[in-house]
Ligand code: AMP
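This document starts with one chain, in the form predicted on its own, laid out as structure tokens.
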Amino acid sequence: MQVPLNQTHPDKPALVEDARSYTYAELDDLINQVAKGLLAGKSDLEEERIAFLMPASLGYVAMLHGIWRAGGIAVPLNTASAPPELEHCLTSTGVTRLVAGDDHLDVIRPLCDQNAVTLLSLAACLSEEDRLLPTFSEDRRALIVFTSGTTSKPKGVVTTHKAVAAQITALVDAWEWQSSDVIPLFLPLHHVHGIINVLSCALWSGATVHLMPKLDVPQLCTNVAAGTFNVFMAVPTIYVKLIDYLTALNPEEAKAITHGFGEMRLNVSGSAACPVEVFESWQALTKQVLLERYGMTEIGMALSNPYRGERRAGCVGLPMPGVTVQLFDDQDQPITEHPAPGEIRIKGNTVFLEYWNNPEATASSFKDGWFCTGDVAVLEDGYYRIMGRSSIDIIKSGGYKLSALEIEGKLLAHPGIAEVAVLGIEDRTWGEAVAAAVVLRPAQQLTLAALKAWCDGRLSAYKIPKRLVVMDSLPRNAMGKVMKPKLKESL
């Protein structure tokens, strides 16, 4: 069993790339050609790890499903990664073959030669040979996606066909995917947001995906104004870019685009906490109430605001279908009195199998059958609200557990602040003091005293930053999420 394409309407467009559309029948045929070419006379790839380095494209989709149909493990790589990062992905998983798009063949060739990895083009993987494709258990390993590696080298998260299918069906059920849906795909395709939430849900449902190798805001907005899409998914950073773009346009131009967004059935924000200010600004511009959700590479999506029902700003909603969620305290005891902060732990068919070739990390990430996310949340009136990563977003100051994400959301409302990262730094009085690293808007200035004065009445006294660093830019990960800068040298 492998994750299937929807075959209900074979003549319906599955993918749109540039000016060309490809039907489900055409895509299915290309996937079969890839699977047969990869088999190269074998009856089953038997979990051979095959990597591919491609942007959002017909070739990417054909490789992903072709590897699955041939019984291999798909290892999608980040097209923006530096050679050392790519080398880690290849060597840590024992990749034997790498398929690259035409633009990446020459770039990746030296790395493949150094590590005895066979480099192939998509064309070299195609075969029209008449042969049967393998059948196998749903427990077969299907996918290795790497974690962001914020605290150590990225780990390869292994997901089975059963877990991939469970992640997809939970989303299709919760967000009421339809075959009439049309969605743009510009998100990175080495993370579950793009692979599962957009691409796989759409192809499972018989929807149409418009492939964009990179985000082109003017072109995207032209299509939105034309009513091309009815579903939209992005990270908060992209919503900020769209808000800035729309507010800079003349009112008539902006009106057509905001109307296009407003007519969609669903706008989703994920991969990072959506600041309340962004949530409210998007609603004011487009009349769309963003649906925010929470997930991880290891579990797919675990929590989501409802498709039908109240969507609360700053909250990630309720457990997804088939997912069990429980908060645990520092003594590993379930939290029963709410609201009280605790680590989110997850059970369900969506949970990953293992970290590739890392049994110690796999074992330490589970307790009594629960996957320990490392994220802290509170349950308020039935909705979960994320406070942040226990390691970097929870500041223990003066006996309180403070959410850096909550403070960041408040500071983003300051008229002079464009970006912000809040973190705790060692303090002999408070244990940890709240520090803010900010990027200012053009021609703006900000002092700590001025920031404290602005925060008075907006934040509790113990949440007001006690340190301020103004920076030219903040570090980001591959998904565009702002990371915590190292401030020791700056303070």
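Numbering starts at 1 and follows the sequence shown. Predicted model only: the values in this text are computed from it and were never measured.
The protein also exists as the form predicted together with the named molecule; that form is not presented, and the subsequent description refers to it.
Although the partner is absent from this view, residue 293 contacts the named molecule in the predicted complex, with a non-hydrogen atom inside 4.5 angstroms. When contacts are judged by a 4.5 Å heavy atom cut-off, residue 386 counts as touching the named molecule in the predicted complex.
Among residues of the shown chain, residue 286 is not one whose heavy atoms approach the named molecule to within 4.5 Å in the predicted complex. Although the partner is absent here, residue 147 sits close enough that one of its heavy atoms falls within 4.5 Å of the named molecule in the predicted complex. Among the residues 100, 273, 174, 86, the one placing a heavy atom within 4.5 Å of the named molecule in the predicted complex is 273. Checking 220, 316, 207, 233 for any heavy atom within 4.5 Å of the named molecule in the predicted complex turns up a single hit: 316. Residues placing heavy atoms within 4.5 Å of the named molecule in the predicted complex fall in a single listed stretch, namely 293-301, out of 246-254, 293-301, 110-118, 277-285. Legend note: Cα of residue 313 to Cα of residue 462 is at least 3 Å farther in the predicted complex than in the depicted form. Relative to the displayed conformation, the Cα-Cα distance from residue 236 to residue 462 shrinks by 3 Å or more in the predicted complex.
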